[in-house]
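The chain below stands alone and is given as structure tokens, in the form predicted alone.
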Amino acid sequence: MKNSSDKKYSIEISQKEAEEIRNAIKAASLKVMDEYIERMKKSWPNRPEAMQYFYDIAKFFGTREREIQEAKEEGKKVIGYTCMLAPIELILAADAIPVRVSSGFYDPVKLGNRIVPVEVCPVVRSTIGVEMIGLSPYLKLSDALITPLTCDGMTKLSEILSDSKPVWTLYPPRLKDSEQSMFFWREELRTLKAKIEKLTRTKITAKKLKAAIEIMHKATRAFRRLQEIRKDAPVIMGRDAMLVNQTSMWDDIKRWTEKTEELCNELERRIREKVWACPPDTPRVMIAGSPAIWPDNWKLPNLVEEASPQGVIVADELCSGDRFLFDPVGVDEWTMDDMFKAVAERYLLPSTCPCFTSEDGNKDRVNWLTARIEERRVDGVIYHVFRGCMLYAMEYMRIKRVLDKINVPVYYLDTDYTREDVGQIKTRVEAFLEMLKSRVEF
């Protein structure tokens, strides 16, 4: 921890003030999480018993926090990351604990505003605020952070967070499809691997890396199995599936995989018995754009699935959702060199983040979206953008033109980290769903 005079950004906040604000926000956040989970249960009363595990692990200040704290006391290191470009296999291979630390809390944004302008992405401002008062157990418990520099906000967030703990930046090349880019990216990960080994005092051997890849292969199979189940009539509500996806970002990944397989078993039995979570003719919605991170960002999923008329989220295109564990590491030979190359390729080539470009204009993202729309029989897309999230905002017209050509309605919805616009958004979402419903019935 640096002395306050050595810090590059942080303004002074007394220990007493930080504690008072942290306790107030924590109490409010616990209330929000309890309320959102109860709303999910209420709107889907005949839910699978296996969902209860994910509701429990979704409560930030509980079981998982204690487990990680105990693991640290036994000598384990915790490595946080802000983006899905961070290679989880390398963290696991060093016997460390990976946790995603981007903040989905609304209230800390006001603290972040003390350091960066209000025009900056609210995910960044909230993460700064969370760090200032030690709100997030996962950020607080992290011994080091991996921060891919995917946008200007994430770049400066790295500098700000480095005032309080080691930050290892990754610079993904903006052009993916060239040998130079792939070479550069592999070298980035080699440097990162050395830093992880130094922190954990653990050599990442071929045996350890293979074991880590196999752990993540099992997680990806469970993840894809759940997505496969969502293709047809809705047997699980979308926000429940989104919660399952997101808990993988901080839960023990082996246990998460087992619990997801249990959930899938129960859901497949319900498919055979035709027990649906909502009427099969409910408008099928995809959410695309900025990452909706638990808990406060359940604002939009709640509105869609509690609306009148109701919609059901059958897919999302979020880096915190359906994309997170979708792609496995493709290994040809289990040599150290081949495995390392495969890990590097997995975290660059399939990524559809709008930070990338190409001669075709980030066509990978277009292809991913249109494939999921066809596969999940999506009736309409809500293109969700946080104010200040420039990359997703700038790609909207590119995506809209593509969706117009395939006759899929898309609605642009910009919002901020606030609860004050719920009424306004509700009106807009319900108007969009009414239009989708009329198309479904026609």
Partner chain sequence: MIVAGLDMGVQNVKVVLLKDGEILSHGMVPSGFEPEKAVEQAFQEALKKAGIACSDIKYVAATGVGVELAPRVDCKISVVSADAKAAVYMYPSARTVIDVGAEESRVIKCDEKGVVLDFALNERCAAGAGAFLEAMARALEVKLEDMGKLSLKAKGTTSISATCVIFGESDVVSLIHKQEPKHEIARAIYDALAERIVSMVHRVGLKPDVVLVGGVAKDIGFAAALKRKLETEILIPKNPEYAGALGAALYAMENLGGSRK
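Numbering follows the first chain given and starts at 1. Because the structure is predicted, anything quoted here is derived from the model rather than measured.
Only in words, not in the display: the form predicted together with the partner chain, which the text now covers.
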Query raised in the report: Would residue 43 sit within 4.5 Å of the partner chain in the predicted complex, counting heavy atoms only?
Result: no
Query raised in the report: Even though the partner chain is not shown here, does residue 400 get within 4.5 Å of it in the predicted complex, heavy atoms only?
Result: yes
Report task. Please run the contact check for residue 22 against the partner chain in the predicted complex: heavy atoms, 4.5 angstroms, yes or no? Result -> no
**Report entry** Any non-hydrogen atom of residue 387 within 4.5 angstroms of the partner chain in the predicted complex
**Finding:** yes
Requested in this report: Determine which one of 403-411, 56-64, 369-377, 23-31 lies within 4.5 Å of the partner chain in the predicted complex, judging by heavy atom distances; exactly one does.
Outcome: 403-411
Report task. Please state whether every one of the three residues 185, 193 and 198 places a non-hydrogen atom within 4.5 angstroms of the partner chain in the predicted complex. Result -> no
